[in-house]
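Here you'll find one protein chain in two forms, each presented separately as structure tokens under the names structure 1 and structure 2.
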Structure 1
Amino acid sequence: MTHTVHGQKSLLARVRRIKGQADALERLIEAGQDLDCGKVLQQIAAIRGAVAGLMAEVLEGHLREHVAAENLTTEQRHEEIEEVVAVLRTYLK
């Protein structure tokens, strides 16, 4: 299934932001003895939020562009749906 170039740019920007946040978290933890738990907790929560935003964008794009695509056989459509179900199960525990 192909994705639009615009979609790709937006996803890459989100992933690179997460990588930057993880770098900053690594430096916070490397502070060792002077580790500030409050800041570490906030940084992890920020990464969690960024990952949730990335998941939402990919899932919505997958549902609208692939699951709803007109030229699919019923079998193909069910395959696309099972990819969504597999991810939903990681959230709905």
Structure 2
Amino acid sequence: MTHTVHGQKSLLARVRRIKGQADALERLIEAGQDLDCGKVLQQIAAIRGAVAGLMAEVLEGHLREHVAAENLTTEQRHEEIEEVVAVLRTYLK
């Protein structure tokens, strides 16, 4: 996956941002007593958006470099497409 190597810095930044958001959510919930549900929901939405952005970046690179590769046979391209479809089905559950 050369696209993940070339975009490693960007991908790691996204992952670290997600980690920070998840840590903030954990701290918010651990605070307990006066838990503001609105803040919890907002943090969950932010995490979901960040994960979606990460997925979109990796998926775009995969489609461009693997599925659309000019040197693939029809069978190889079909296998690549099936892999992406399986991942998307899991992701969208």
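Each form is matched to the other, and the largest set of C-alpha atoms that superpose within 1.5 Å is called the rigid core. By convention here, residues take numbers in order along the sequence of structure 1, the first being 1. Remember, predicted model here, so these are calculated numbers, not experimental data.
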Given that just one of these two is the form predicted alone, which number is it? 2
Did residue 23 shift 2 Å or more between structures 1 and 2, C-alpha, core superposed: no
Hey, core superposed, how many Å does residue 71 shift at the CA between structures 1 and 2? 3.4
